[in-house]
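Presented below, as C-alpha cells, is a lone chain in the form predicted on its own.
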Amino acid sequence: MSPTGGDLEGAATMKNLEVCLTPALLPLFDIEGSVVVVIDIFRATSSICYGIDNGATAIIPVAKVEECAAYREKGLDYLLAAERDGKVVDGFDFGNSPFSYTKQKVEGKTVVLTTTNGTHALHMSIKAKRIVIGSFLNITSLCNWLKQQPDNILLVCAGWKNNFNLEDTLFAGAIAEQLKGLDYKWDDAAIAANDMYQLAKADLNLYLKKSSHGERMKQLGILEDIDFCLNVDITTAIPVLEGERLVRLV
C-alpha cells in the first residue's frame, strides 16, 4: 500500500499531491497541469481568507509596494495594504494582519495587497491551471473542494524570503491529512509535511512557537495574530484567482 492508502499498481492513474516547500523550487514542478493552493499562514493567506469571507469584493495581489501605491492614481475607492518584514509599510491603509480584514473595514471594498512572501508565491504560481488560497481558517471547505477536482494538486508554501518555514509546511501536512486515503500519489515533501502535522496537531500553537516567523512576530508584539491564524474552520469562503483579482469561489 502507498502512504495515501491507494494500491501501488494503480499509482499510474492517481492524481499527484505534491508540496513545494518554497517558491524557489517551483520550476521543478508541472505547475500548468495543477491546481495550486497558495499557503502563507502567518499571515497573508489567513487574512485573504478572512477578508473574502467578510465580504471584500476582491483582493488584488501585487508583487511590489510601488504597484500597490499606483492604485491610488486609478481614481477608485481601493484599500491599499502593504507589508514588508512583518510591518505595515508607511503611507498605506494597513498591512496583512487579519484584524484589519474585518467586515466593518472590507465589506464591499476592493483591497490591493502586497506582502513579503504570500503575494510573491502567488505571482510565482501564475501559470497554474487554477490558484486558490488556503489557511486553517477555511481548511475544511478548501479540502472538500479539492476532493472534487480532477487535477493534480500542488501545495505551494510561501516560506520566508524563498526559504523553508514550519508553519506553511505544517498546513500543507494538514491538507494532506484530510486527503489521506483518496487516490493521490504523494511526493516525499507531502509525506514529510504530513509527518510534521502528526507531531504538531495536538497543539499547533505550542509547536509553532518554535518557528522563526513566530519569533519575528513576537518581537513585533503581534502574537495575537498567530493565535488568530491558527483558528480552524471559522470561515467557509475559498478565494480563487480570476484574472488579477482574488474573489470568492462560487
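Residue numbers here begin at 1 and follow the sequence given. Because the structure is a prediction, the values reported are computed rather than measured.
Keep in mind that the form predicted in complex with a further copy of the same chain is missing from the display, and what follows is about it.
The stretch in contact with a further copy of the same chain in the predicted bound form, judged by heavy atoms within 4.5 Å, is 26 to 34, chosen from 26 to 34, 61 to 69, 220 to 228, 45 to 53. Contact annotation: residue 179 falls outside 4.5 Å of a further copy of the same chain in the predicted bound form, judged by heavy atom distances. Taking non-hydrogen atoms only, residue 78 never approaches a further copy of the same chain to within 4.5 angstroms in the predicted bound form.
The closest non-hydrogen atom of residue 203 lies beyond 4.5 Å of a further copy of the same chain in the predicted bound form. The shortest heavy atom separation between residue 145 and a further copy of the same chain in the predicted bound form exceeds 4.5 Å.
Checked against a further copy of the same chain in the predicted bound form, the candidates 174, 132, 166, 124 yield a single residue with a heavy atom inside 4.5 Å, and that residue is 166.
Contact annotation for the candidate site: 107, 240 and 249 all lie away from a further copy of the same chain in the predicted bound form (no heavy atom within 4.5 Å). Taking a 4.5 Å heavy atom cutoff to a further copy of the same chain in the predicted bound form, the contacting residues in 175 to 196 are 188, 189, 191, 192, 195, 196.
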